[in-house]
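A single chain comes next, written as structure tokens; it is the form predicted on its own.
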Amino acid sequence: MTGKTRLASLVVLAAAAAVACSHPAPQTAPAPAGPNQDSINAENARRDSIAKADAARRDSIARAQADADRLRNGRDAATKALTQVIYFDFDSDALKDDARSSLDAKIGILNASPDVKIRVGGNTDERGSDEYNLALGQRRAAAAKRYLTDHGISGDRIDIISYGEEHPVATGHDESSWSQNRRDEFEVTAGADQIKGAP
């Protein structure tokens, strides 16, 4: 290669390099800007607010459920006390001490639950005639009603009935069975959903 050719080649190369350098470098996309600290704080605050609201809602539901459970348990306990059976000695309508205690508990519940009405059903064991046992059952129911009314419960909230020997809970023919059948039973006839425990 001659000097002219070499020179021409160098000129062409220099021109090509100049042309290549004259084009701007391809632009690369800028890296996406990350969220600024204000938007991060705002998002964290929003999440905290939602979490607190959810926790408050769960607490409120739990408290309401606990209140409902307490009310239901209190009503169940009061209903059980109100319908507790009392027992009598043979051929007697006299209230025994445990019967008075049971009736005293009923008085508190009836005072706390003015819309509640009850029925007292008097029962006897199998000994004695039908007529005698119906009369004895009536006297037993009347004795419980009288105790309640003497302690301030309105008589129009208490119905009485005698079943005599017709509704035995024990069918044996001995004292063990008879003692279970000499009883007054208590039934709620109105206001069952209004029963409250004694204060």
Partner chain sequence: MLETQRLIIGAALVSACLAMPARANAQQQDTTRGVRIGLTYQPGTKPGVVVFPVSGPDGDSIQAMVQRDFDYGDRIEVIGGDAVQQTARTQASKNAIDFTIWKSLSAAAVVQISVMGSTAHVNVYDVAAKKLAAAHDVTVSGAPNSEEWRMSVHAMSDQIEQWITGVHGIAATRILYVRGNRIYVIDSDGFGEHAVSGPGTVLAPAWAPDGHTIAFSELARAGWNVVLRDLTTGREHTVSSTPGGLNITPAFSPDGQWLCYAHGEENGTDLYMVSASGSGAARRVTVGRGTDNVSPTFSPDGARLAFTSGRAGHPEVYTSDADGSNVDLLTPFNFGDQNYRSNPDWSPDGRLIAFQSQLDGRFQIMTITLRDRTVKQLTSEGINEDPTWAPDGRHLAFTSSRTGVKEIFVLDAESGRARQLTHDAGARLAAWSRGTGAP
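The structure displayed is predicted, hence computed values, not measured ones. Residue numbers count along the first chain shown, from 1.
Here the subject shifts to the form predicted in complex with the partner chain, a form of this protein not shown in this document.
This chain lacks the partner; the member of 161, 56, 169, 50 within 4.5 angstroms of the partner chain in the predicted bound form by a non-hydrogen atom is 161. In the predicted bound form, at least one heavy atom of residue 128 sits within 4.5 Å of a heavy atom of the partner chain. When contacts are judged by a 4.5 Å heavy atom cut-off, residue 76 does not count as touching the partner chain in the predicted bound form. For residue 187, a non-hydrogen atom is located within 4.5 Å of the partner chain in the predicted bound form, even though that partner is not displayed. Residue 117 falls outside the set of residues with a heavy atom inside 4.5 Å of the partner chain in the predicted bound form. Shown without its partner, the chain has 132, 133, 134, 135, 136, 138, 139, 142, 145, 146 in segment 132-149 as residues with a non-hydrogen atom within 4.5 angstroms of the partner chain in the predicted bound form.
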